[in-house]
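The data below hold one chain only, encoded as structure tokens and taken in the form predicted alone.
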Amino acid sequence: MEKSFRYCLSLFLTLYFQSFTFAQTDICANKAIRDSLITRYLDKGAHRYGYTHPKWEIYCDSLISICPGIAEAYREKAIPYIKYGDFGKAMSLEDKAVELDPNKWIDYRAFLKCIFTKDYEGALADFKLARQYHPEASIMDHFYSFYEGLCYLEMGQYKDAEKNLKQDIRLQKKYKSKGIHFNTLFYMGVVHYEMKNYKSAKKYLIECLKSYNQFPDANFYLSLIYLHEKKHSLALKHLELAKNAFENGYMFIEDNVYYCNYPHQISMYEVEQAINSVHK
């Protein structure tokens, strides 16, 4: 009798959990319900507190427990880890988001690899896949080719960097009414500086400074060119401009610059060292 009761109880529990799992799967397959859950747990839940609050992750985990196939839940859960530099946890969550919805999140992971984790080969591979979904798309205010140019720059493949940044310029002219972004011009200057094409590097950096004359990094690299040309007074002038810009709160302008350094970004220390070397 006892064995029969145990068997019946076991069978009941098995059927109950199977029906619960089926119901959960059935619910999560409904787009309207998925969207309403995202609104409830992310838009009106986690976002109400911000990623620095413990409830951010609680809301993300709650959504994952209800519908583990919602990519946005993993992507949002990763944000605090990204901001605080725990890239191991962050990228495993980003990988899950990409696995569930590559069309939506592959380019974001590519951006993270380029700017945050410095996995340049991985970023290039992701951007190549992203382009299959969105051939001329952008992420975080820049076209894919901008980030690809940065990857090649940091890998020392300067011709490929130049090629991609030129493509970025073409796309900006095609799709954007404003002038070329000063960071594109800055990186074109840096690429040509690294290739020792100083005349071209100077042209791009001067053009960059016309858009953002307090850009410390552009003034710094322009000073290096003047040093190469043995124009020490001009070099010192731009180093002082870079130093004054830093002192007055000007800096490299990108949304995520507060969390990580961008390729070839410089600091006040480098400026001061260069000024001291000129005075010697």
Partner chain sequence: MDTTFTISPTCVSCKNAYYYQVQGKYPKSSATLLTEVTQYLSNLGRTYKGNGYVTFHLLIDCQGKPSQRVHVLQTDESYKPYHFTNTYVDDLFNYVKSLHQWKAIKYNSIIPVNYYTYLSFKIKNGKVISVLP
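Residue numbers count along the first chain shown, from 1. None of these values were measured; they are calculated from a predicted model.
What comes next is about the form predicted in complex with the partner chain, which is not displayed.
Taking the partner from elsewhere, every residue among G85, M91 and D119 has a non-hydrogen atom within 4.5 angstroms of the partner chain in the predicted bound form. In plain terms, the part of the chain that comes close to the partner chain in the predicted bound form, with a heavy atom within 4.5 Å, is 110-118 out of 197-205, 110-118, 136-144, 175-183. Among residues of the shown chain, L234 is not one whose heavy atoms approach the partner chain to within 4.5 Å in the predicted bound form. Contact check for E99: no non-hydrogen atom falls within 4.5 Å of the partner chain in the predicted bound form. Shown alone here, Y59 lies farther than 4.5 Å from the partner chain in the predicted bound form, counting heavy atoms only. At least one heavy atom of D95 is located within 4.5 Å of the partner chain in the predicted bound form. With contact defined as any non-hydrogen atom lying within 4.5 angstroms of the partner chain in the predicted bound form, the contacting residues in 255-279 are V257, Y258, Y259, C260, N261, Q265, I266, S267, Y269, E270, given in sequence order.
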